[in-house]
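First, one chain by itself: the form predicted on its own, in structure tokens.
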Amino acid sequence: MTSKTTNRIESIIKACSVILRMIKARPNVRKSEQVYYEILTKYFTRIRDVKQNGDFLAAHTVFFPTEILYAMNIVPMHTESTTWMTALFTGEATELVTAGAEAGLASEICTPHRGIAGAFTIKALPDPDVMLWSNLICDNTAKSGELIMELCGCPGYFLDHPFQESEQERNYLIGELQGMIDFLQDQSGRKMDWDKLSQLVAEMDKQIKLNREICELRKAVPTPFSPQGFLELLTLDYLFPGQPEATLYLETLRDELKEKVNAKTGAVENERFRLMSLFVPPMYLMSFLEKMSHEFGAVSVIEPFFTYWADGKLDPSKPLESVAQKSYMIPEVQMYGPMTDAKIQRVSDLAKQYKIDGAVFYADTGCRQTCALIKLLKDTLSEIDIPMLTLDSDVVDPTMMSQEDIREKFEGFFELLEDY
């Protein structure tokens, strides 16, 4: 492992450690926030120490069934989230994106994936033992795995997820999952622990229920959850599915929100604007967005494609079937496959249930999948008199939008909402 690799992962760990010290020093801090950064630190520490501990490292793209890796005692490294964390905590994402561009990736490709390519090109991340990827949820994801295999010289497995949900397609997906397990057993020499996978499935079912409880609590007026706190919920299932620490975080957060709701205490001092967030805000502006939320009393109360789980229950006695079932329940899968009338209607229904005043669509210019929804969602929300702000932005590239730009656009939007 090169010094650049160690330093890059180490910089994320150090940033989390600094945040933890700040959290512990603040009065009336959210205990759940402390738990979140503790498990985040643990996650990246395992990646940093993977070689010296003799562990097996599997890099994987977003929306991947990481629970299978945990059941096999394989260390997971979520490629997109690692790029996001670099942008969020270190401000060093520009170097990765630039390296990706120099490697030949066009500007039309989303920056998390350009950043992934750049990170492995300049050895800013440890080379994985295997690369795992799928077609959930976009074509960028479907192609990134092949590129990383080439850059790192490692074997890989592509998990083909069907677009539709039927008995035939579920059986096909279960076969794909079993094929991936066979591949991992051959490459790592580690066997699937089916009892452990069953335990993880039981824990994931508990976590999904807790997520639903938290979503219900966020309906309260004023809403009790931090304005940008939904990114913690987003990251949790990406990195820690079925982990007891994730359950602890969700239980702690649920109890904190219950107390706030009972006391009629909101996340901001004067809640004025209840927002629906569509897609991911710029990571490099998260602190600024949080401050601006408190200044204007604007809070994201629901994120249909990131925090609202579909109906369903997982069965620990059928662990592999449950892993397949979960992939059809994750909030993001609503953006996968045909955008049906039912999916669009759900956005409208949630807007009413959460009493939102406006919606914000963070239009990542490199994400063709989500940007194709802009007009459809704007027209849908317009039918129920909900304005939508579209912000051309980028998840990790700080050259796309400045604090001044985003402030000006939000101020104009809030003025519009006041007139409704």
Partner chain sequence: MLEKFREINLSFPQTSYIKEHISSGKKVIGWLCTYVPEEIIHAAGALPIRITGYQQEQELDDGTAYLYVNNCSFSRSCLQLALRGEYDFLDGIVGGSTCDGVRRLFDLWRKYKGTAFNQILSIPRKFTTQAHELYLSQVTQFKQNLEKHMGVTITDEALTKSIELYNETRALLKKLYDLRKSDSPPISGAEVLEVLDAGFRMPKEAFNDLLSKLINELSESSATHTGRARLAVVGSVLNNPEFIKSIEDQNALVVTDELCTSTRYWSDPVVLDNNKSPLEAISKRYLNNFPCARMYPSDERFDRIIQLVRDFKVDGVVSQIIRYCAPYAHDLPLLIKKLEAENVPILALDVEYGTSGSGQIATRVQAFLEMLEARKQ
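Every value quoted in this text rests on a predicted model; they were computed, and no experiment measured them. Numbering follows the first chain given and starts at 1.
What comes next is about the form predicted together with its partner chain, which does not appear here.
Site annotation in the model of the complex: the residue of Asn270, Ser317, Thr340, Ser287 reaching within 4.5 Å of its partner chain with a heavy atom is Thr340.
Site annotation in the model of the complex: the residue of Lys196, Lys291, Arg190, Lys143 reaching within 4.5 Å of its partner chain with a heavy atom is Lys143. In the model of the complex, its partner chain sits within 4.5 Å of a heavy atom belonging to Ser107. The shortest heavy atom separation between Gly229 and its partner chain in the model of the complex exceeds 4.5 Å. Its partner chain in the model of the complex comes within 4.5 Å of a heavy atom belonging to Lys375. Proximity of Tyr157 to its partner chain in the model of the complex: non-hydrogen atoms within 4.5 Å are present. Figure note: of the listed segments 60-68, 23-31, 40-48, 386-394, the one touching its partner chain in the model of the complex, with heavy atoms no more than 4.5 Å away, is 386-394. Annotation for 357-389: interface residues with its partner chain in the model of the complex are Ala363, Asp364, Thr365, Gly366, Cys367, Arg368, Gln369, Cys371, Ala372, Leu373, Ile374, Lys375, Leu376, Asp379 [heavy atom within 4.5 Å].
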